[in-house]
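Just the one chain here, laid out as structure tokens, in the form predicted on its own.
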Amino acid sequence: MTMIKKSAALFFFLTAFWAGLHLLLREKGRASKPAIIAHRGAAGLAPENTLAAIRVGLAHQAPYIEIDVQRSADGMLVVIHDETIDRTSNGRGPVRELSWAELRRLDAGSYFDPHFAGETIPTLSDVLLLLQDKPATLVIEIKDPHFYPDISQQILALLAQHQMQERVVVISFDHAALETFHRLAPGIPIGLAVTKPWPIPPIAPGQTVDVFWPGVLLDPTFVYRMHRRGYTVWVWTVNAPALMRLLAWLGVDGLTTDHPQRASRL
């Protein structure tokens, strides 16, 4: 047998083994209807992390609306993803070095489409006010918490002010920050965001692990292992309908997407 034939045989053997593990470990009762998490409001349909995007996500009946939270130089909690304002506004510079007065003047909509010209960077308080009389749960991702001491306490104070403690999930890629938040508010659900399916640092039972979607495909044991540990499994960011169907079949509990309308149609 030539080296090429041996390589092909090994490839087909490993592929069959991988597919067999998926079939063996797939929890049939889990392949139902995953929750839809509208990413940054509805980032495929409107300028991300704006009130316009959140309204679009709500219009498509997404049960979860996800946003990113950082802090201005003068202590205002603002909704924006990147460390800088360069990509999603007409300004420049790091979020944490700009005052709220500077941030609020920026156009955060025109980069997406002229139709959204004049859309601004909202505060977390703006978002909480918008959602107060809506049925959706807010997913707050704490971005770069190492830049923002005591941001967990500040988020909790705003949630209490708006009486939204029972309608949020707080997620972060920062395991230590997430543990701090859970210690301060054990009754608020948390989610650990990860880019790969291993290793997964332990979090409290009954909480969520939010993984980049290729991890579920590459590791046939992932969903099974996480469910055995008592975790809910979300995946980010999934925009292709065929992939949404596959991940649902594999048993994930939540699909984060820029296009909640596609997930709703499924």
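All figures in this text were calculated on a predicted structure; none of them were measured in a lab. Each residue number is its position in the shown sequence, starting from 1.
Below: the form predicted together with a small molecule, not depicted.
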{"property": "Contact segment among 51-59, 65-73, 198-206, 218-226, judged by heavy atoms lying within 4.5 Å of the small molecule in the predicted complex", "result": "65-73"}
{"property": "Listed residue that, although the small molecule is not shown, lies within 4.5 Å of it in the predicted complex (heavy atoms), from His182, His162, Arg167, Lys143", "result": "Lys143"}
{"property": "Interface membership of Ile155, the small molecule in the predicted complex, 4.5 Å heavy atom rule", "result": "no"}
{"property": "The small molecule contact at Trp236 in the predicted complex, heavy atom, 4.5 Å", "result": "yes"}
{"property": "The small molecule contact in the predicted complex: Val127, any heavy atom under 4.5 Å", "result": "no"}
{"property": "Contact flag, Ile171 vs the small molecule in the predicted complex, heavy atom cut 4.5 Å", "result": "yes"}
